[in-house]
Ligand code: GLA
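Quick heads-up: it's one chain on its own, the form predicted on its own, in structure tokens.
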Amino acid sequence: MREAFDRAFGHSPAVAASAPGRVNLIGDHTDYAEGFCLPMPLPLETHVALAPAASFRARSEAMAATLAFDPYGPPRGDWTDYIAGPLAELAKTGFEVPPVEILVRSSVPAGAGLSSSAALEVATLRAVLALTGQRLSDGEIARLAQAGENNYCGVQCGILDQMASAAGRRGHALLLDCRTNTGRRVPVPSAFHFNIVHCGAPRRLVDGAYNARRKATADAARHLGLPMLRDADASGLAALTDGEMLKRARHVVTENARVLAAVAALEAADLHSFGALMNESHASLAGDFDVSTPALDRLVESARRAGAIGARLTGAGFGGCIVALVPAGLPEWWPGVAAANPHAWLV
């Protein structure tokens, strides 16, 4: 990126850093209920190069303009908020955050539910820490990135995406406990082949739909007299008399159980059990949590008809991607899926 940075800003960068996107194999909309998730980092990465400057400026190779931003000022309402927010949180902790010029290059598709924003946040924090000679653990970097997205960008996400990007390692899934913000890496057996397919429609968290789901889970926990839905069990959900609240809570409680069962299946190299849990997860996300779309549902069904052992939407939903567990030696799988979903594309 050195040459590109020089073209953008007229001088060389001082440091560079990167962070991967992620696919969540199972366990969506559980992180903000202090539950369990099972993400895996992708080979797709966001790269950041930066250098000290007179003022904060950022340029993305995917965009045409260089934009001024200020982590000490109000949000701009554009993509630079995902740089400014984490830096604002870093400064709040007492760390040095000097003005910098930043160039961003990313192979993580935006709006696909593959954590392009978290990859940018984590890569930015890593680069500024490297520039200033400061150090933080992966967990602390993830926490600051999440806080930036919550407090500056206004998206009330849990810590799933940021932890997967900061602490994930190639070839491993990360069993993430969102109560303790700790994880255990689980090797992915060679027989497990996960394909990611974009449905052709971008992920749109319209009308605060994501924040509304988070509020519903908090309301359900409060009605049950619990600190978080992590503490609920299926038998206790009968106390919820509001039908929509019951459905939202049921997804979280059953999804937490599915994540733990999926880890056991992964460790036993049990493809079919893992695939069945993925299928149950999608049904719950579509029926109880209402975050799927017709395009995602069609794509999931096509993936299964073409031979996938399991398939589910991945990420927040409302568009974006699915993940499918496909047996080895099934070369006709993608052509069959593509024929039934002309707008879809393989990530």
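In this text, residue numbers run from 1 along the sequence as written. The structure presented is a predicted model; accordingly, all values stated were derived computationally and were not measured.
Although not depicted, the form predicted together with the ligand is the subject of the following passage.
Residue Ala316 is the only one of Ile309, Ala286, Leu44, Ala316 with a heavy atom lying within 4.5 Å of the ligand in the model of the complex. Site annotation in the model of the complex: the residue of Val104, Cys157, Val100, Leu266 reaching within 4.5 Å of the ligand with a heavy atom is Cys157. In plain terms, the part of the chain that comes close to the ligand in the model of the complex, with a heavy atom within 4.5 Å, is 29 to 37 out of 46 to 54, 63 to 71, 295 to 303, 29 to 37.
Although the partner is absent here, Phe274 sits far enough away that none of its heavy atoms falls within 4.5 Å of the ligand in the model of the complex. Contact check for Tyr152: every heavy atom lies farther than 4.5 Å from the ligand in the model of the complex. In the model of the complex, at least one heavy atom of Tyr210 sits within 4.5 Å of the ligand.
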